[in-house]
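The structure tokens that follow cover one protein chain in two forms, given apart as structure 1 and structure 2.
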Structure 1
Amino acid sequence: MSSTTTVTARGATSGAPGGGRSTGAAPGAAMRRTGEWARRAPLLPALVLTVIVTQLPFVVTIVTSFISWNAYYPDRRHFAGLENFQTVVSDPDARKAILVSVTLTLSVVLVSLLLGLVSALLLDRKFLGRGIVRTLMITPFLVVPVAAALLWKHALYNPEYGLFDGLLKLVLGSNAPQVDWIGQYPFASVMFAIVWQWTPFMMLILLAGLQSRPLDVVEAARIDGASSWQIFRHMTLPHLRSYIELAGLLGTIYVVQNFDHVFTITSGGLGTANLPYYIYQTFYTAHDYGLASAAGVIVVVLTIAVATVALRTVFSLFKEENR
């Protein structure tokens, strides 16, 4: 009789609506959700501002890219479908701008990577004043791009009072030629000005990779008789591969959008007009908003493709660090 009563009481307790266990779990879950929202709420204004500042203009750009809209002919505005994209692809100036963008980006990234690797290897060594030298090496990357382009255009490239022509006169004397660097070498003038500013960025990433090497393995290789070149080729370079890929991809994302140096140094002339400058001319000179938007969408899509590869490289680096 007593056992039957005990079983019945247990069954009643467990079968009662809102039993002890579920009643305690519901308020706990609600409190957790409230705590999560309380932590996220301060971030909502920043998120809303980011969406308004970045995503809404991009949505407007996408919509405009499908519209034939020229400010000189406001009555002819209409939906054009993919016509603007076809015009960008078939336009000889656009194709040339795309080719210049690709060539300029590859040249800047490769030269910056090479110089950054050499600088990182030198700064990884111990010497007096290494901290000061590292700080000075980073300085070009902190200069405003327009100011850096003006510096190269007037202080270095100017044929009358520029530093390069002054050095030629100092070495060769009065027989030194007066070289118009921008006029004779327009592409190289833009490229080296961008390389000067992006080499420190590459150096920072590669220096971080060098300092993450297992030094005990390097010392063991030296004890075993490995030369410096063998250590660099078979140990340092494979270790830096992911860092080199990351630096190259991030550099590509930013350099492909470069506008300041092209606009400031050559104003897009002498065959240096890249895709961002083509978009600028189409929008502000031709006032063809639909065509400029289509070219902008193409640049964004290509940048997103490169950024996706860069993010995968970053994630692979994190996985290797956590092993």
Structure 2
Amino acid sequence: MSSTTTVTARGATSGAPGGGRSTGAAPGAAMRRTGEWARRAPLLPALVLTVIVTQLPFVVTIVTSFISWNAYYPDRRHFAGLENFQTVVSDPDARKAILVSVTLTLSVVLVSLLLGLVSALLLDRKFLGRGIVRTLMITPFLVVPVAAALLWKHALYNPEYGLFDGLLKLVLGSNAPQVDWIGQYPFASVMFAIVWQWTPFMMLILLAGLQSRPLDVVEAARIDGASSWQIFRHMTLPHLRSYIELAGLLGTIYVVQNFDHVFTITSGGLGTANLPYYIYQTFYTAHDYGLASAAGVIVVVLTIAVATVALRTVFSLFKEENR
């Protein structure tokens, strides 16, 4: 609607300097309008499809969350009001899942940001074979998440044939302690497997930031006698701030959804079930569609709240920097 008005307005102004051709203005605008629509029309199906594919499931989820609907009891389906939401909120497992989601996301994002920063700084230097090392460093991000999780569960963590315990034996001899990594450190086991996948992503963004750094200023600082640490602290880090924030924000949005690692490594046991796993279990094992939808809606509401606060902080930081 608003775009049509702009077109008409533009058509009118451009017609005016043409020299008093009062009759030409209107058909010109109309033709232009048809032209614009001819260009836009082919895009419409894509837009409609996008809306259907992305927004309709969301609306269906909201509707379902108010229905008492267990697939095993098709005859008992009825409108339940807020009952599902009450059940979720009063369920200790759901509350635990929320806590796990928050801790897991925060720790994964922070640790992978730190590791990503370190590897980006190292990769920013020139050395022989840098291209190969860079490619190798990015590889974990390209591995399918469920395959990566399987790799960690079996090839690395397994107490019978895993590489970690094998390494312990190799270094400390045959009497080396054999750790049951997943059993003893379930949260850390899941966390590090995800960190391994997300560090390259952080590294990529931070490396891009590092390479956009004006090097002449750094050189000038060095000539003025600034130490490497001072340059890093007062020049590199402030320059990287927006990149760190961006990486953190994108990382958070994706890590909150992590399902593959929790599902594969611990089957949701040992207190590692996060919200996506909780929703999965409610949906696929209990077949309580209403309850699962209510949990999903709660996730979205919480995310909107958190994201609003987070974005506000991030944007205010941008402003400070521009000052």
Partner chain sequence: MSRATYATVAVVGAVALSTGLSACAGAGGAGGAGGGGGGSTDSINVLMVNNPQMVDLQKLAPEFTKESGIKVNFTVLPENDLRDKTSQEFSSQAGQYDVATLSNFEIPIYAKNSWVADLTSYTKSDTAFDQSDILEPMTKALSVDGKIYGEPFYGESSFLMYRKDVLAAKGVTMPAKPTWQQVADIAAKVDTPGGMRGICLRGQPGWGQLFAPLTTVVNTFGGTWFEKDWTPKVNGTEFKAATNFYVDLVKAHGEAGASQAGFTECLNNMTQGKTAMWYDATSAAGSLEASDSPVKGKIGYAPAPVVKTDSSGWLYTWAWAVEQKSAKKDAAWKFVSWASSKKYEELVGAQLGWSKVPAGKRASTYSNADYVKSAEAFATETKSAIESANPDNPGVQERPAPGIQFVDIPEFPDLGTKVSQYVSSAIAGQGSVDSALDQGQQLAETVAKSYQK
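Since the model is a prediction, treat every value here as computed from it, not as a measurement. Note that the rigid core is defined as the largest set of C-alphas that superpose within 1.5 Å between two forms. All residue numbers here refer to structure 1's sequence, counted from 1.
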Properly assigned, the form predicted in complex with its partner chain goes with structure 2
Core-aligned C-alpha movement of T50 between the two structures reaching 2 Å | yes
Once the core is aligned, please say if the CA of Y72 is shifted by at least 2 angstroms between the two structures.
-> yes
A38: Cα shift between the two structures after core superposition, Å, came to 3.4
